[in-house]
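In the block that follows, a single chain appears as structure tokens, in the form predicted on its own.
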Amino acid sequence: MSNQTHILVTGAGGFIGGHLVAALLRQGHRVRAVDVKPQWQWYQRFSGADNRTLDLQQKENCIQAVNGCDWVYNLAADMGGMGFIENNKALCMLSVLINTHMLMAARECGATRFFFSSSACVYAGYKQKTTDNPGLKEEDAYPADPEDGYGWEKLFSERMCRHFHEDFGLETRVARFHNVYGPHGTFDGGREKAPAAICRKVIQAKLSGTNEIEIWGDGLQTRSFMYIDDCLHGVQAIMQSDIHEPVNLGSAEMVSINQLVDIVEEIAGVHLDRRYNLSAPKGVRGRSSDNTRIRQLLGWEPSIPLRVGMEKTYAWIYDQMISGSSKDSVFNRY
């Protein structure tokens, strides 16, 4: 990829998309940034990009977005944390319109390479029933039993990418994200994921003096969390590779939710009473990334320690909260 490559990033107003636009601009590329949200609601917005507001569920808008672009990073989706995806299955499934129309537009407009952001939610639920999950391998997506709604949409779109490559020659790449976190994302409002939500709750308890935190589930459920810098490196490395099958992109550092709270409490310098909400959405019992394949194919895997990434994430969320900035008013200009 040369610095003259014209690149489209969809979902550019979101957390990962905003960071990816920033990285591509720093590298000197021409970037078209597209999101369905009004631009004042984008988490990051850069004057150096061709910023457009388009609803990509409509095929004609996908054509407009892709036209003239060489490479497509398709990150657009209607999604959020477990609280959102468990209660909005139809909305999550409707993202299949985005992915299908984007693939059709990429083919019709002559794009040469297409990246699809899939999710660890494609993995079979029967492989995630214990907290000591040994790590999910790529083949564990079949026989299929993905997360209802969101996971099925991602798994179907993975297959679409495969067949657009086989039938039409479109170079497609698929990464299965495992819980990406970091600054410049949502931390309230219902779509936030566990690292941001726990940072917010700890900060609220510290500032208010309530000395209590609510934890969804019993706190024993396990996950791995990947810092945004590792995600960006992996996304671009996979896009530039010759990997045609879906590949894990996540950290292998698995922790319980209780351990994640421990880390944030240590960063904040507080110790809180824990109230467990057993009726709240909590997802699978245990999930982590097996990185054997990405190490074999790229000689690399996500490696930023959770403690290091959470320090940066906590500091950013703390600054937003004490300044009174909402999730809908925080943006940067490049």
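Small disclaimer: the values here were computed from a predicted structure and weren't measured. In this text, residue numbers run from 1 along the sequence as written.
Here the subject shifts to the form predicted together with a small molecule, a form of this protein not shown in this document.
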property	result
Contact at Asp70, Arg173 and Ser241 by the small molecule in the model of the complex, all three, heavy atom at most 4.5 Å	no
In the model of the complex, the one of Leu103, Ala111, Ala196, Ala77 near the small molecule [non-hydrogen atom within 4.5 angstroms]	Ala77
Option touching the small molecule, based on a heavy atom within 4.5 Å in the model of the complex, out of Phe177, Trp152, Trp216, Phe164	Phe177
Contact segment among 290 to 298, 304 to 312, 265 to 273, 32 to 40, judged by heavy atoms lying within 4.5 Å of the small molecule in the model of the complex	32 to 40
Heavy atom of Leu136 within 4.5 Å of the small molecule in the model of the complex	no
is_contact(Gln57, the small molecule) in the model of the complex, heavy atom dist at most 4.5 Å	yes
The small molecule contact at Ile16 in the model of the complex, heavy atom, 4.5 Å	yes
4.5 Å heavy atom contact, Ser251 to the small molecule in the model of the complex	no
